[in-house]
Ligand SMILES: Cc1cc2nc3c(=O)[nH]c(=O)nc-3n(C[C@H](O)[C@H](O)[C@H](O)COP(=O)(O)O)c2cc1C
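Have a look below at one chain only, the form predicted alone, in structure tokens format.
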Amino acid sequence: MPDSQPATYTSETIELLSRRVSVRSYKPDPVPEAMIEAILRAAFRAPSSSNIQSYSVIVVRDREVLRRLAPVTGNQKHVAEAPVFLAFCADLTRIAHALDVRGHSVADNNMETGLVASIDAALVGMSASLAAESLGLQGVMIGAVRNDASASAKILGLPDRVYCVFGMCLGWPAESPEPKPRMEYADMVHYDQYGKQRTDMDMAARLGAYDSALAKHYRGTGRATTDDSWTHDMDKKFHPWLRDKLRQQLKERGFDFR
């Protein structure tokens, strides 16, 4: 367990992450292709389990493709209007080739295979986000591409054994939203064993404090919310269960998750 008053450490990367926000409105200025390539080349240095590199990225600028993708994401207008949309995909095609030429098959793969590919894609996506922000671009992650994984795959022209884990809108920011408050550090970090140090407040009290902080933030930006802002939103989002057809859709794409 660390000292109660640790030294303060910072860096350009830490400061960049401390200021990170989701931006959904962009200036019309184009994003150079060379900049996207630099961002992705850097992001591809992200950790990859056993060097599998089981991901691919679709760089989308075509307005018609984005227009078709927007309804899948719940008609988020920034998906249709983003200067660039990056689709981060779990991709088993190269693994499949490596096995096929040796007389084996990736068919009927297990949960670990799909999980590793999905984590690889997520690590690359977060690295790309950080690299983009270091160059002045900003954006927002779009998990709603999984609202219908089959439709997203068709729109993006994905082959079997590839699915879009999430997307990311990118552009030059036309807005500067205030960062949302996060939950207390002590509620998120544990030492040696889960919950060993947290005896001062129960779950209801800790989440109640965060509900209040988030409600204050939202109201300060003019957004209507309830007093129990976070817990209310989580209940609304996950009951009934979100994307309950996803497992079958991914199985049809070659990710069994069994």
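Just count from 1 along the sequence shown to find any residue number. What you see is a predicted model, and the numbers here were worked out from it, not measured in a lab.
One more form of this protein, predicted in complex with the named molecule, exists but is not displayed; see below.
Contact with the named molecule in the predicted bound form, defined as a heavy atom within 4.5 Å, is made by none of V31, V59 and R67. Of the candidates S129, Q76, S152, T113, Q76 is the one whose heavy atoms come within 4.5 Å of the named molecule in the predicted bound form; the others do not.
When you look in the predicted bound form, the only residue of L135, A96, M141, L123 with a non-hydrogen atom within 4.5 Å of the named molecule is M141. Contact annotation for S22: at least one heavy atom lies within 4.5 Å of the named molecule in the predicted bound form. H104 falls outside the set of residues with a heavy atom inside 4.5 Å of the named molecule in the predicted bound form.
Only one listed stretch (49 to 57, 187 to 195, 35 to 43, 22 to 30) carries heavy atoms within 4.5 Å of the named molecule in the predicted bound form, and that stretch is 22 to 30.
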